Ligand code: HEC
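Here we start with a single chain on its own, the form predicted on its own, put down as C-alpha cells.
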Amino acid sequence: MDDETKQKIKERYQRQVNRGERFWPDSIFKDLIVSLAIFTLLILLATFIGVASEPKADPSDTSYIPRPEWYFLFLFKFLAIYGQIPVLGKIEWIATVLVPGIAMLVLTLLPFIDRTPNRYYTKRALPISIMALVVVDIILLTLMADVPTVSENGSKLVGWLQAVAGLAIPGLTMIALFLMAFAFKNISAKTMFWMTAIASVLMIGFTGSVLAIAPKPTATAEGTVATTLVDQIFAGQDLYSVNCTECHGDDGKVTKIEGVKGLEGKEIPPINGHDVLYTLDDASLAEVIAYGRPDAGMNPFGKTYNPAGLSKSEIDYIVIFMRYTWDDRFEMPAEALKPLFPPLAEGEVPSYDVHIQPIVKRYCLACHRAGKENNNFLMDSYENILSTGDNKDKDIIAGDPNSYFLQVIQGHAIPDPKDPTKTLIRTMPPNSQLKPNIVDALIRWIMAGMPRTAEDAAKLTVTPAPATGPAGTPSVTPTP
C-alpha cells in the first residue's frame, strides 16, 4: 500500500470520526434492534417448527445410531459423500483432517490473500463469492443429510448426484475463482459473481433431483415419541397389551398364570394393587420391567439383556400407564378415558380398520404373534387373521357362528377331536375376560363377512336372529 492510499484512508477515517456516532444511545439502540430481531426469530422457530422429540438416551441400546446436531449435519454428509469415492474413501484422515484443515486455513488466510483496502462489494468479489459458495454448500449438504449415498437396491446414482452437488461443483468453482482472481487480473467482479450464481443454481438443481428421487422415510412406531401425558398413557397401554397381558391380564389382576408355556399354573401377585404400586416407585417399577425377575419366571424386557426388547422411554410409558390406570393416588386425564373403539349403533357392522384392530391389539396380539405358542394363528395383520393357523379352516369362518374364535371368546373351550377329554383350544383371552361390547363387536364382524374398511362395513347391516352358536350370534343381511 503506497503513501497516497494510506493518506486517503486516514482522511476518510478522520471524517468518519468527526461525524461520529455516540455509543449511547446510537450504537446500543442498533444492537438492541438486531438482538430483538434475532430473539423474535428464535421464538417463531421454537413455536412453529420446534425441535423433534427423541426417545430418552439408553446406554444399553447397542443398535442406536448416534446423529450429530443439525449444525454439524453438513460435515457428516461431506464425510459420507467423500467415503463413497474409490481410493479416497479409504484414506479417512484426508476427509477428517486435511480437507477441513485446508478449508479453515483458506478462510483464515483470505483477508491476507485479498489485501485490497476497498470495502465496496464489487472490489471484494473473491471473498464474497467464496463465502457464498460455502454457505450454499453447507445448506444443501444439510438438506441431503438424511438421504443415503446408496439406495436399498444397491444403486449409487443418488450418491453420485450428491457428490456432484456437494463436492464437485463447489470445488471446481472455487478453483476457477482463485485462478480468475490471481491469474487473470482483468476479470471483472460481475463475471465472478455470475459464475458463483450459475454454480449455486446447478448445486440447487442437483440437490433438488436428489431429494426428489430419494426414498421417503417411513414413520415407525418405534421411532415415535409421546410428548403429552395422554399420549404417554396410550403408548404405555399399547405396549402393556403386547408385552404384559399374556401373564398379567389386561387389568393386572391375574394371580395365577394360564396358557403360558413354562409358567402354567404359577402364582403371582396382582400388579394393580397397593402391594405393588404403593411399595415400588417409578424407578423400581421400570427396573423390574427392564431387568425382569428370573426367580419368578419373568424375563427381562429392557435392551440390556434383550436386544429386541423395550427402550427406556417405552418402559417409562408402561409405568405411567400403570400409575394412572390402577394407582388411586393418580387421576386419569379425561382425554385418556375415550373408549377402545367407537360405540356401535343398533344394526351397525364393525370394520377391521376402525373397531377390530384396536381390540386385537389390546387383547390378542400378546399371544397371537410370531414366536409365541398359538397354533400358528397370527393376528398381527388383517391378512394373517384370515389365512394363518393350524386350524385355519375352522378358526374364523365368515358367517359361521361355530367358528372356533367365536366360541372361545364366549367362554367355550374347543375339545380335542382325537381325545375329547383334552382341550384343543382354551378360552380366550386366557388370563382375562372380554367385555360384552367387545364380544358383540367381534361377533358382528365375523358374521358380517369380516369387512376391512369402514366403507365396506357401511354396505352391510346386522339384524337379530335366533341363537345358533354356542352363546347366540346375530345374522347379517346386505343393506338395500
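All residue numbers are counted from 1 along the displayed sequence. Model, not experiment: these values are computed from the prediction.
Heads up, the form predicted in complex with the named molecule isn't pictured, but that's what we're talking about next.
- Residue contact with the named molecule in the model of the complex: R67 places no heavy atom within 4.5 Å of it.
- Remark: K56 does not count among the residues lining the named molecule in the model of the complex, judged by a heavy atom distance of 4.5 Å or less.
- Contact check for D231: no non-hydrogen atom falls within 4.5 Å of the named molecule in the model of the complex.
- Residue contact with the named molecule in the model of the complex: G205 places no heavy atom within 4.5 Å of it.
- Shown alone, this chain has one stretch from 32-40, 448-456, 47-55, 428-436 that lies within 4.5 Å of the named molecule in the model of the complex by heavy atoms: 428-436.
- Listed residues T142, N374, Q237, S313 were compared with the named molecule in the model of the complex; N374 is the one with a heavy atom within 4.5 Å.
- In summary, among the residues I318, L177, A125, A199, the only one with a non-hydrogen atom within 4.5 Å of the named molecule in the model of the complex is I318.
- Contact with the named molecule in the model of the complex, defined as a heavy atom within 4.5 Å, is made by all three of C364, M379 and G389.
- Of the residues in 282-308, those that come within 4.5 Å of the named molecule in the model of the complex through at least one heavy atom are, in sequence order, L285, V288, I289, R293, A296, G297, M298, N299, F301.
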